[in-house]
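Presented as structure tokens, the chain that follows is alone, the form predicted on its own.
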């Protein structure tokens, strides 16, 4: 069982390492969003400090969402998902491993980029550390939501558009809890209530996402 899981992780990591252009486009999209905001509102430090956390969260969500349909789409087209459905390991566990592997691979370039952009926006050092922790937790929730929505559109000709439309409203709780945590820190308030809500939301998704994703994949494979 452990050898199969290790093989699945190794395979996905090799595939993602060969498609670095997709990750670079995600990073480029994020940088573009962040850079456009100072040009639109002006270089005033007060305005940038007030909007910096919201800008970074919007950039994070909008850059991740278009790439989430790639978690299962290629494996569905080449028949790999169908083979995995016959493996001795539960399909729910397999899909959760694939989602977490994608999330971990995506996190390294995104967190590095967010740290650099935070310095550019003039965010204080202690806030950057907190922000990165919240970004990691929030991005996990976004990927788990994306796992469900991308599996719902497997086989659809306009799956990329539909998947993005489904994911966006479901990321609103992540956006609210994430920004509220960061803003509480800036205002010297207690950030833990919103942080705990964000963690709870992510933990609930870790349980629900594999179940709902596996059900959608089975339906897509049965067509």
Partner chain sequence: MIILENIEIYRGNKLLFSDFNQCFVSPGLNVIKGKNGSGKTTLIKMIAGFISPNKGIINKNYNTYEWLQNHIYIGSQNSLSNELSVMENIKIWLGIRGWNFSNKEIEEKLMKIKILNFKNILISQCSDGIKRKTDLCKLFFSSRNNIKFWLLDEPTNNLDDDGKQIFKLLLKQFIESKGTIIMSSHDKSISNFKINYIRLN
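Residue numbers count along the first chain shown, from 1. Keep in mind the model is a prediction, meaning the values are calculated, not measured.
Although it is not shown, the form predicted in complex with its partner chain is what the next lines describe.
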- [ ] Among 141-149, 128-136, 105-113, 72-80, mark the stretch whose residues have heavy atoms within 4.5 Å of its partner chain in the predicted complex.
- [x] 72-80
Open item on the list: Taking its partner chain as it sits in the predicted complex, is residue 84 in contact with it (heavy atom to heavy atom, 4.5 Å or less)?
Closed with: yes
Open item on the list: I'd like to know whether residue 122 contacts its partner chain in the predicted complex, with contact meaning heavy atoms within 4.5 angstroms.
Closed with: no
TODO: State yes or no: in the predicted complex, is some non-hydrogen atom of residue 203 no more than 4.5 angstroms from a non-hydrogen atom of its partner chain?
DONE: no
Task: 4.5 angstroms heavy atom contact with its partner chain in the predicted complex for residue 15 - done: yes
Task: Interface residues of 193-208 toward its partner chain, as seen in the predicted complex [heavy atoms, 4.5 Å] - done: none
